[in-house]
Structure formats: C-alpha cells, structure tokens
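To begin, one chain is listed below as structure tokens, in the form predicted on its own.
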Amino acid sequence: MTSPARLPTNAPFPPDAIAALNRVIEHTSPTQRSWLAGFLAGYEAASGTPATAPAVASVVRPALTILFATESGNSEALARKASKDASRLGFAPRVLDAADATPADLARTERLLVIAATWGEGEAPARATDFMAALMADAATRMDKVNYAVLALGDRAYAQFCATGHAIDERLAALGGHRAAPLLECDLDYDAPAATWLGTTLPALRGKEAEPAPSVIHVDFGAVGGEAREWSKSNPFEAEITDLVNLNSSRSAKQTVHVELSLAGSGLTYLPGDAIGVAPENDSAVVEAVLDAAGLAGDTALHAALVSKHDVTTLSGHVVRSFAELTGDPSIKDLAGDPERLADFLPGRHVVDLLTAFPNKLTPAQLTGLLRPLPPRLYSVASSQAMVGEEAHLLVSAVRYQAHGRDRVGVASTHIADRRRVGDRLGIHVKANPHFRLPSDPATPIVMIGPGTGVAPFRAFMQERDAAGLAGKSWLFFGDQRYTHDFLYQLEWQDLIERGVLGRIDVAFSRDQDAKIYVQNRMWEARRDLHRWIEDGATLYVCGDQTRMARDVHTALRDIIADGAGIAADAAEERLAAMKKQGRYLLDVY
C-alpha cells in the first residue's frame, strides 16, 4: 500500500506548516481523509469563502431559536446540545441568552425552543430578570406566529418547582403562541428525560410542511482522534486527593478544608470562575437510619446502593405526595393534601424524619422509587491551571447542625472533610461558568467580595494574574468569624499584597467584637473609594451565600452608588442592573 501524496514544497504554506501537515496526512485512513475533506468544505461555507466545487441544489434549513435562561450554566449547556441535535435534523439553529433577548426578538421567529431554569424559591435566573419583566408586561409583543416548546429545569427540594419555565410557557400561550409540545419538568437528573423530550419535540417544531432534512454526515469535532474521554456528572473522573488540610485553627467553631486533586491523565481543563462537580457518598450512619425507619435494616446490597446512588436526605413535597400514594396511609395523605401544614413540616427535615413520623414497612424497590439520584455538588475552583498545572484545588466548609432533635451533616462536605484522606479518590467533572470570568482587559479594576468559602474563585483569579505577571488594580473583601482562627489563606493574601499582585484587602470578622461586622459593613466604610472604583469602570464579583450575604451586599452596593452619585435608591438599582447587562456585576451564588 502506497502512502498518501505529500504536499509539494511549493504549497501555499510556510515550510514548518507543510511539514506538520505531511506528518498528519501520511498516517490517515481513507475514511479520515474523507472526513477532513468534508470538514474543509464546511469550514469554507461557514467562513463565507466562495466555494470552487460544483454547485448543488440548495435546501432551505428552517430557522430555530433556542432561548436559554440560566443561573448555574445547566440550561445553557443543554441549549448548546439541543442546537447540535437540531442541526442534525436540518434546522438552522440560533442559541440566544435571555439576557440578550426581548419579546420582540422572539415574535419574529416561527420556531422557538425555550430551556429555562428556576433559581431558589421560584425566582428567574438573575440574567433573565429583565427579559421576564418585559415578557410579563402588558405591552409585551404578540406571539401569534410562534410555534414553541418549553423545557423547565428545577429542583424538587423547592416548593416552586420549575416556576420560571411554567411562567414562560403560560405567557407565550397567552400572547398567542402555539404550543408544539407539552412542557417538560426536569429535576436535577435532567439529562435522560431532556434527551427523550428533545427527540420528539424537535421534529414537532419542524412541522410536516417543512422540506425534508438534507442528508448530512454529522461530525463530532470534540471526538477527533478517538482518544479523548468526556468526563461528566454521569461519567466522573476519579481524581486522587494529593493534599487535604483544615485551614481553621483547632479552636475554631468551623472546619474548612483545602483540597488538592490530581488531574493527571484526565485531560480535564478549567478556567478561573469554573466549578468542580464532586460525586459524593452518603454517610453510612444516615443510610442505616433510613433503612431502619423503612423496615429494611440489614439489607447490605440496598445499603451499598443508598450510599453511592440515591439522595437519602432531601425531603420535598413531591416525596411526601409519592409516599402518601405509595402507602395509602390516610395520615400521610392529610399532610400531603394540606399546603400550609406541608410547608410547616418540610423545613429542616430529611427523608428519615418522614419515615419515622409515619412508620410504614417498604420494599427495597419502593424505597428507592421515592428517592432521586444522588446529585453532584458543585464547588468553585480555588486554583488556576496556569499556576498549578494538572491540579484542581477546592475549598470546602464542613456542614454540621441540629434540626428537629437530630444531628445533620452536609452530604458532600463531610464526605470530603471526615471520610476522605490523602491518597483516596473523588469522582469529579468540570462545570464551566462562562459568566464569571476575569475581564479580558487585565487593566480593568476588579472588586472581589467573597466571605467564607466564597473566596475560592478569587484565589483562582489572583493565581491567574500572578502566573501571567499581572498586577492589575484589584480589591478583595473577605469575612469570616474570627481573625485568629478563620482567616482562610491569610499568608497567601499577605504575600500577594506585598508583591503587588493584589492591590487591597479589607476584612470583616464578625465575632471579634460585641457588634457583628460583615463585609457589607466594610464596604460602606470604604464607600468613597469603592464608588470611585465603580465610576472608573471596575468589574464587581460576588461569591457565596445567596439568601443573606449576596442580598446584603447588593443593598450595600445600591446604597454606595446612591450616596456617591447623589441619586435615589431606584436610580442606583437601575445602574446596578445596567452593570449586570454590561458584564460588570457578576454573581456566583448558592
């Protein structure tokens, strides 16, 4: 068998490029060369370069708008996948962020696929709030020509499950839109049901009257070479723990561990601002309590399955209603059917509390049928690969508390802090967060607000700048309980300050004095300087607890802008909203 022809020395490439191309081509098979020819033809078409090949009959590809509303990135990732599926079916898809959309945009499309997440207690994702307000407004554009379908993502642990998706679905119909497929509700384990739904919904959106899809050989560019593996929440990489250190002193009321993971051999890459998804295991004692309450103590096979595969803690209204239907127990039905009583019962309780309060012997299949799959837990990555190479660092606070007479623990946090050691492995995957990135211009000032473990991504930011030799204008607000016992990464921050990589740090330790002081208090104290930074074009980052910290910080920023600019609070809110749209006010909250 002869080798494929080599590029001649007079080919229109530099000599080093000719040599590189020859090295690739001479080891290709006929199938690979055919693929490459098709790729280049598609590349020419996409770039707008006139093709020299004979013309073929053109096929009109029906336009499809795929709108996503996302907080953590799940809806966006699913929208990108739906776009690939739609391309295979002959659509010309356009993926659109709700942050960049208006109802008037949607009214101009005949086919619309919406993938919308619900955040917290029924709230729309922060980036979608303006779009939702415009869609719900009395003056919203009519949708009479729009054929649409909505896929709603949510978490059944919250009462307002998939509320954003339902709101969009109902509003589009009210504006005259035509529902091409029923709305699909998805819990955290959305991959399989979403794929099935898309498989029937995309053809429904295409319609019978559309031209047949052209014959297309789909090329998966991410799989070229056949060697790369796609690590995901359903296929995690088993990373070795190479270091695990408690950053709090022995006298602290907290345990916050710094975790270093080896990515060697994985091919995994990440950027500062991304998250690492950890596949946790349930505490064996918690599992045993659940089995005992269900009358299944001693079932070793079921015990092993519950440790690694099922969420044995999260109690939701859906679980209570399913339990009532499963058992037929009138007392459980009474609870499930009384919204006010159910709302009082659920907070602070876990599955074991339900099983204990309403004893019913279950079969293994009945118990596992009540439980959802054990979801991964996401942690903001606390390192930059430019600094640490094939490693990823995490910052994990062990969660421990009491509720309703029981000791409670965080599933993933205590799995890492209490039951893992150096040399053990954690199943992980990378979760990209493209909406929480350093500015493209390193000269842009940055203000980072991250109390507790919320400081993790800002360590990654500083490592990234340090590795690049950058000393841009930067300011960190950090807070915790006590200076002596809880100043996470203290020596690192001090070193960065001394070397000029970090420009300023303001700290708040709530329990070092009688009156508690938090980061928002330090922000107000520095309001003149902080307002000047904002006016100079600084990008603001907030990471941490959404329910209290992020809201208190937002209020402080509003008041600082109002005070510095001499404007009303409403006008300051509008400025913050504009900063969000400009990508200058970014949140990574949970």
Partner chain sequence: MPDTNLPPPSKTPALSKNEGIKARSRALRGTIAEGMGNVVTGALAEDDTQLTKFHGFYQQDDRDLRAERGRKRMEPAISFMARLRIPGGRVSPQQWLQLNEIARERANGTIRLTTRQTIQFHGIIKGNLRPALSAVNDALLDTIAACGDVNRNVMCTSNPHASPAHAEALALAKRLSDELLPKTRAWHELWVGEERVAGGEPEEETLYGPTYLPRKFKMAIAVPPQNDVDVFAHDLGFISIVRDGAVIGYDVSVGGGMGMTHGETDTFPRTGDVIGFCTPEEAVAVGDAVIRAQRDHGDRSVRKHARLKYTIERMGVDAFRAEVERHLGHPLAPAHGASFTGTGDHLGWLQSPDGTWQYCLFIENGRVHDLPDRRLLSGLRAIANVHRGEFVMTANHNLIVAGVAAEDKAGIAALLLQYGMEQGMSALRLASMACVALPTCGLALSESERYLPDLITKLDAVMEEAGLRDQPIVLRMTGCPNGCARPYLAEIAMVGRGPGRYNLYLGAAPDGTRLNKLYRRDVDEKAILEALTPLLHEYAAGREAGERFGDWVIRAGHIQATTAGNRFHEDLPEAVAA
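Because the structure is predicted, anything quoted here is derived from the model rather than measured. Numbering follows the first chain given and starts at 1.
What comes next is about the form predicted in complex with the partner chain, which does not appear here.
Original post:
Is residue 492 a contact residue for the partner chain in the predicted bound form, using a 4.5 Å heavy atom cut-off?
Top reply: The answer is yes: residue 492 has a heavy atom within 4.5 Å of the partner chain.
**OP:** Report whether the minimum heavy atom distance between residue 245 and the partner chain in the predicted bound form is within 4.5 Å.
**Re:** Because a heavy atom of residue 245 falls inside 4.5 Å of the partner chain in the predicted bound form, the answer is yes.
Original post:
Would residue 400 count as a contact of the partner chain in the predicted bound form, using a 4.5 angstroms cut-off between non-hydrogen atoms?
Top reply: No.
Original post:
With a 4.5 Å heavy atom cut-off, would you call residue 139 a contact of the partner chain in the predicted bound form?
Top reply: No, residue 139 sits far enough from the partner chain in the predicted bound form that none of its heavy atoms falls within 4.5 Å.
Subject >> Contact residue in the predicted bound form, chosen from 289, 181, 307, 505 - any heavy atom within 4.5 Å of the partner chain >> reply: Going through each option in turn, the one that passes is 505.
Original post:
Since exactly one of 105, 260, 191, 155 fits, which has a heavy atom within 4.5 Å of the partner chain in the predicted bound form?
Top reply: Exactly one listed residue reaches within 4.5 Å, namely 260.
**OP:** Check, residue by residue, if 249, 483 and 515 all come within 4.5 Å of the partner chain in the predicted bound form, counting heavy atoms only.
**Re:** Spot residues vs the partner chain: full contact, yes.
**OP:** Report the stretch among 89 to 97, 430 to 438, 493 to 501, 355 to 363 that approaches the partner chain in the predicted bound form to within 4.5 Å, counting heavy atoms only.
**Re:** Within 4.5 Å of the partner lies stretch 493 to 501.
Original post:
Of 457 to 473, which residues get within 4.5 Å of the partner chain in the predicted bound form if you count heavy atoms?
Top reply: Heavy-atom contacts to the partner chain in the predicted bound form: only 459.
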